[in-house]
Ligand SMILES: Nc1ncnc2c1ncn2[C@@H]1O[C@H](COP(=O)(O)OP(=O)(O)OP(=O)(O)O)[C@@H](O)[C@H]1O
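The chain below stands alone, shown as structure tokens; this is the form predicted on its own.
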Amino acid sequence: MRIWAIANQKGGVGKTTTTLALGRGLAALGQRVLLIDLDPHASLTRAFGVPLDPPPQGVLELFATPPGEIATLARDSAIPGLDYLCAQAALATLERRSANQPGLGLALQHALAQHGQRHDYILLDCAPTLGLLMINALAAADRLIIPTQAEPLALHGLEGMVRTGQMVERSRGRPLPVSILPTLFDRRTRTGNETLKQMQDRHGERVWEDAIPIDTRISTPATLTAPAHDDAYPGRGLSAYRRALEWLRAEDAAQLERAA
């Protein structure tokens, strides 16, 4: 089982779209995939058409006493092999609870350990906030994937996210490889191309050599949560995500080979 955290401390960089596109791509390859929505705004949960009122059962139950089990809380999607775990607005209250409830920082890691090998990949869609939920995700993850726009302001968020990953890596005492995925890229603009080059110069092989282009066809959840009728990825956005997925899986394979 491989656990990927999709995170960035800057909002609007395509984290949920990335989670859905990569999850869909893995499922199309015959992998058993679980998407976990760790954002109180619940964008991924809404993408699957789950009403937020009344709040669905989901991630919050993993932080309860006693904690719930992922196997009983996860939902099937319309895409074969792809399951998901809902977020709730009340996740925003966990920061206050953590002061009086020790161990919340590792609650997700413990829940995933109990889950065993029911899924081949687990993708964690993080909120754009450095807090308890993001720390839970990074503590549990085998890889940190940072979607980031190719624009100057996004570079500051990228640097902050890389530093956060390094901090968690030191704390947990085992590697947390970082993969940087340029998103929402417009190659027609000089700023976009210059920023992408800066990103690649600064972070080297951790940056995907290509970029996910702006594509309105994947800006609506229905495109990413509807069943796939064949192996084709409609539009340039999903086609780019398919290539990015190949790169990420190759990075994972190389990491595992080095660790062997």
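Each residue number is its position in the shown sequence, starting from 1. Note that the structure is a prediction, hence the values are computed from the model and not measured.
Same protein, other form: the form predicted together with this ligand, not shown, and the subject of what follows.
Interface residue among Ala47, Ile218, Val33, Leu62 relative to this ligand in the predicted bound form, by the heavy atom within 4.5 Å criterion: Ile218. The closest non-hydrogen atom of Val162 lies beyond 4.5 Å of this ligand in the predicted bound form. Residue contact check for Pro213: one or more of its heavy atoms lie within 4.5 Å of this ligand in the predicted bound form. Contact annotation: Pro128 falls within 4.5 Å of this ligand in the predicted bound form, judged by heavy atom distances. This ligand in the predicted bound form is approached by Lys15, whose closest heavy atom lies within 4.5 angstroms of it. In short, of 22 to 30, 188 to 196, 205 to 213, 52 to 60 it is 205 to 213 that has heavy atoms within 4.5 Å of this ligand in the predicted bound form. For the marked spot (Ile3, Asp83 and His110), a heavy atom within 4.5 Å of this ligand in the predicted bound form is absent from each of the three residues.
Taking a 4.5 Å heavy atom cutoff to this ligand in the predicted bound form, the one contacting residue in 175 to 201 is Leu184.
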